[in-house]
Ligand SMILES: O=C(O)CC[C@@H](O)C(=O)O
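This document opens with one chain alone, in structure tokens, the form predicted on its own.
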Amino acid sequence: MPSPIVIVSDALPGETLAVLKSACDVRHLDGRDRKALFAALTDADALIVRSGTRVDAEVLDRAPRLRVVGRAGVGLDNVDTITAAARGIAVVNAPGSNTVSVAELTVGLIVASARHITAAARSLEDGQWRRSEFAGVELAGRTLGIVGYGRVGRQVARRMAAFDMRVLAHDPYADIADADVHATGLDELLATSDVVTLHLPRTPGTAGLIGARELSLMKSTAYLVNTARGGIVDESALTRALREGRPAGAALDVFATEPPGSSPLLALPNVVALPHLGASTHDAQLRAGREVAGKVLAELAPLLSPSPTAV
């Protein structure tokens, strides 16, 4: 029987696809080219994407044979899971693949914010030597507030406890039973913390969770860090709040619209902004690709096994 056809429409480390290549016809293309994607999906059995390919209803309409969509990463923001489910198309991802990478980037952004690392580096690149303007604060003895206590939130808590920070966490859906982490309400966390870091998915319930009211509760000396998902923070409200000096600064790896274009946040001196680098480590990409490849192969198993013989 012919090998199942697997379309890979975003870049993945080649070694992650070895298990698929041994059993399937793996074809690569750029998923941002919708015309090429539509043509390739005509006889595709599986589609593997990262964040660059938008798998909406129009894409699924062009894939009559599709059995599975694999997202080599955590979020499924770019996959129409409702339409896929209605058509019997499985959607798989790699929920734990980037946990360590995102947690480590979060730690880096917290330190960068507290010590003004980005602004100081830019100043020195401009030929200036303004040490007094970039005096920061120590993290030891201060309070970290974690909103969302899932995989990444827990890893951040472990790492920042090593900085001798007091750790608070808010998550109505998690059992916060770690001895060194104190569960609290969102308002109390925002008002008490010196650093607030977000680690929760974007859902209808979390979109705009941190708005003008929530930002007004934060200390004027506090920092907000978001390595979770864009849209959880009201960016217009954050821009106004940062201009007014409450909170003192923000470190953002994600935006409501990506790339963020001419977002006013990018022009603020008290913002550290990154182009969604949370999962951008070789280690995380290997884990994500391998995990999703295995799950896709499992969904294609009926096409790989001979049909049972009637007796």
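Note that residue numbering begins at 1 and tracks the sequence as displayed. Predicted model only: the values in this text are computed from it and were never measured.
Quick note: we don't show the form predicted together with the ligand, though the next part is all about it.
With the ligand omitted here, the record of contacts in the predicted bound form names 273 to 281 of 38 to 46, 273 to 281, 23 to 31, 239 to 247, defined by a heavy atom within 4.5 Å. The ligand in the predicted bound form is not approached by Ser263, whose heavy atoms all lie more than 4.5 angstroms from it.
Shown alone here, Leu189 lies farther than 4.5 Å from the ligand in the predicted bound form, counting heavy atoms only. For Gly208, no non-hydrogen atom is located within 4.5 Å of the ligand in the predicted bound form, even though that partner is not displayed. Within this chain, Val79 is remote from the site of the ligand in the predicted bound form, having no heavy atom within 4.5 Å. Looking at 73 to 94, the residues that come within 4.5 Å of the ligand in the predicted bound form, counting any heavy atom, are Gly73, Val74, Gly75.
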